[in-house]
Each structure stands twice: as structure tokens, then as C-alpha cells.
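Before any questions on binding or motion, here is one chain by itself as C-alpha cells, the form predicted on its own.
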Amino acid sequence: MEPDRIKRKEVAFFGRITAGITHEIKNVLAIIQESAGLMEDVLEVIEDSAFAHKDKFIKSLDRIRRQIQRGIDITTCLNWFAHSPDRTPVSLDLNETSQQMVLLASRFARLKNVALETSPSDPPIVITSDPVSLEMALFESIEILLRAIDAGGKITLSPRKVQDRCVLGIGYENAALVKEDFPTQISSSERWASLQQTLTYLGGAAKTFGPTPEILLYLPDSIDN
């Protein structure tokens, strides 16, 4: 078997296992959510005077409910990511792909106190591409920016059309940044060559743009691979 086919099988295998695990985690969260809801129902029928710590329990259950929803959102996103290798090429909404990557990469951004968000295109831009490679290109771009900064600021993922070409922008905003040096710092990073290889596979190209520091991923409407 060819090495590329073996690698594809390995990726698909990890994806299937991860997808199965995320379903199990969601089942656990659903049980916790149901139990928390039952506790809230019981607390509602108890008189305040009969339970001195009722308010504290209600506040704790509210925090539990919010964390349950956060866990559901994360596992849903991970499940989507795990199914990415199932077939390729496939139609991808760049708004949805960007939003999913924000959830997947949010922890890495938080470690540097960087906000990570999207600026969706209107109307949505849909292309036919390899989902795993596109997700990898987005993550590589975010990682390049995070490695080039100290802390703070905001990274925004913004799909758009530029002269009828599909573009995914990954921009960084920070008022304290020396903007003139930043594009050069990005393109000279050790990860830049890897990003270019990924975009070549996708039939596109990666460029830097200033004065607002931004990585632009130029993508074809349909991948040829």
C-alpha cells in the first residue's frame, strides 16, 4: 500500500475513534444536565426559610449548567472535526469552518491572552476542498501569529472575496504592535514554509498583508487534487 494511502487510513482511524469518544462524552454531559435540572426542580418547591443555603445551591447549579453547555459545544465541535477525514473533497462553508476553528483553537489563544473570533462573510462563501488540510492551514496561520506576539490583542478569521477570488484572512489587531515589522516577522517564521506547502496542496497560496498584520489564504473554488 502506498504511504499516502496508509497515512489517510491512519487519519481516518483516529477520526472515527475520536468521533465515537465525543458521542460518549456528550452522553455523560446529558446525564449530568438532566440531574442538574432535577435538582433545580426540587429546589424550586423548597421554601427559602427551610433551606438556608438555597441561593448558593442555585448559583452553583447555574454555573454547572453553563459549563455543561460549554462542554456540549466543545464536544460537538470536536465531533465535527473528527468526521473531517470521512470524505474529500467536500463542499465547505468558510464561515462554518472558521467558526469551528475558533472553538478548536481557543485554548491556544487564551494561553497568550488573545481573543479569537470570526467576521463572517455575507453571503457565505462555499468551496470544494480538503477539510483536513484547510483546517490545518487555518491552525498553522493562527499558530504563526501566536508565536510572533508576546500577549494580548485579537485574531480574527474573515472569509471574503477579493477580485472574485476566495480568501480567508487571519488578521491580528493590537494597538501596541509595531506594524511595519510584523509582516516580515510572519513570512520569515519557521512555520511559514509549512503553511505554503499546505496551501500548495490545496491549490492556493498564502501571503502577508499590511499595515494591519494579516495572513491571507487564497483558495480555489474547487480543489484539483
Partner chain sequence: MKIRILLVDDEKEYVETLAERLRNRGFHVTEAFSGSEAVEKLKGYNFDVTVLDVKMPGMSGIETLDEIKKLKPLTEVLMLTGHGTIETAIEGMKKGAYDYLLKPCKMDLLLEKINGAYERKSEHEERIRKAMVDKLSTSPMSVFEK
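Numbering follows the first chain given and starts at 1. Keep in mind that this is a model prediction, so the values were computed, not measured.
The same protein also exists as the form predicted in complex with its partner chain; that form is not shown, yet it is the one meant from here on.
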If the criterion is a non-hydrogen atom within 4.5 angstroms, does every one of Asn27, Gly37 and His83 touch its partner chain in the predicted complex? yes
Please identify the residue among Gln33, Gln197, Ser60, Ser189 with any heavy atom within 4.5 Å of its partner chain in the predicted complex. Gln33
Name the residue from Leu103, Val126, Ile72, Val90 that puts a heavy atom within 4.5 Å of its partner chain in the predicted complex. Ile72
Asp41, heavy atom within 4.5 angstroms of its partner chain in the predicted complex: yes
Is the gap between Gln99 and its partner chain in the predicted complex 4.5 Å or less for some heavy atom pair? no
At 4.5 Å between heavy atoms, is Lys207 in contact with its partner chain in the predicted complex? no
With the cut-off set at 4.5 Å between non-hydrogen atoms, does Ser133 touch its partner chain in the predicted complex? no
Can you tell me which of 133-141, 73-81, 151-159, 117-125 lies within 4.5 Å of its partner chain in the predicted complex, counting heavy atoms only? 73-81
